[in-house]
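In structure tokens, one chain follows: the form predicted alone.
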Amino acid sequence: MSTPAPRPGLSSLAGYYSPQVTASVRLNSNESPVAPPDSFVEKLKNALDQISLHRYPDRQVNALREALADREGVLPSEIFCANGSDEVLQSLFLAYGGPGRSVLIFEPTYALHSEIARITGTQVITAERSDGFTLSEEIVSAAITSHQPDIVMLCSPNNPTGLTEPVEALRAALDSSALVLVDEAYGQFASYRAHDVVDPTDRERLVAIHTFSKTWALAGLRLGYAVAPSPVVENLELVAMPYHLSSITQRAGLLALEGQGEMEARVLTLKEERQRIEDAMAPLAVKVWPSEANFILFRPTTLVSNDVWQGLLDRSVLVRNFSDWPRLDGCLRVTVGTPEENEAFITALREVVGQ
């Protein structure tokens, strides 16, 4: 007897993963290079004694939503929490995408945007960025006029390019009738976030998506949230699984928010280190795209990128290899690490590509 066939189209999905190989310096996954503060870990350990693990968690996530709403300057009814920003995206596509609906995505960008859309049966429409990986008001407006998507997906700063989406491109998207999603996983590294530049009266179709994985140094926790109009949040709650956010995750999110100062200090240090890496790369035989995230996209100009990636790995420095990806020919991406890790990367890159 054979195994039942999956639903049509499932076999065409590739799944998402970031290849991991052994290296002393791992700068390929855009994680925080440092763990959360010891004070947070101690508070979380103590909090476990107060959590009734035999009881279901707060389905409405009230305390965490109130804390995030206070931080974002919105109402608790405008906050939706989930297991990482990826589940936030999945919920958005379940509620506003699906069969017969479409999302407009500007490539190159985060691969999971299109992957999650396809998982939910949403048609993916692809538009191209400029040769410099940037967006313009004209590109966005033309693509929306041509395709009339139900959802427009932006990413700011964009992964893997590190470029912040121009304000004019965001406003062009909001001029349409589509729901506009802005993935701001790296937003705290950038010069602005979407809600900073959009008037409150123009936010009826704007959803900003955030994560605790990067600046809060909690990738292993899996916590993300959306800032969205209350009617959108109500629809997201309809497609979310009951009690989908554990009591431990909710409490950990609250405790993390108490460390606002530590988070801001981490961000400042990483931005300074990012500039130091860019300065060190400037005289080398690589093209570097200016970044407003915690990573830098670059392309060797005199050597084969696969050889450079291998040369770095031979020196026990692992970066992300995008050289064979569509639109990213020859590109590599390095995550900003600790000062010691960054120095190891700079030294290895100098040895591989030459001064």
Ligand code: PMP
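All values derive from a computational prediction rather than experimental measurement. All residue numbers are counted from 1 along the displayed sequence.
One more form of this protein, predicted in complex with the ligand, exists but is not displayed; see below.
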{"property": "155, 185 and 222 all contacting the ligand in the model of the complex, non-hydrogen atom within 4.5 Å", "result": "yes"}
{"property": "Residue 96: touches the ligand in the model of the complex, heavy atom cutoff 4.5 angstroms", "result": "no"}
{"property": "Touches the ligand in the model of the complex: residue 114 (any heavy atom, 4.5 Å)", "result": "no"}
{"property": "Touches the ligand in the model of the complex: residue 107 (any heavy atom, 4.5 Å)", "result": "no"}
{"property": "Contact flag, residue 84 vs the ligand in the model of the complex, heavy atom cut 4.5 Å", "result": "yes"}
{"property": "Segment assignment from 207-215, 164-172, 67-75, 121-129: heavy atom within 4.5 Å of the ligand in the model of the complex", "result": "207-215"}
{"property": "Heavy atom within 4.5 Å of the ligand in the model of the complex - the one residue of 159, 102, 176, 249 that qualifies", "result": "159"}
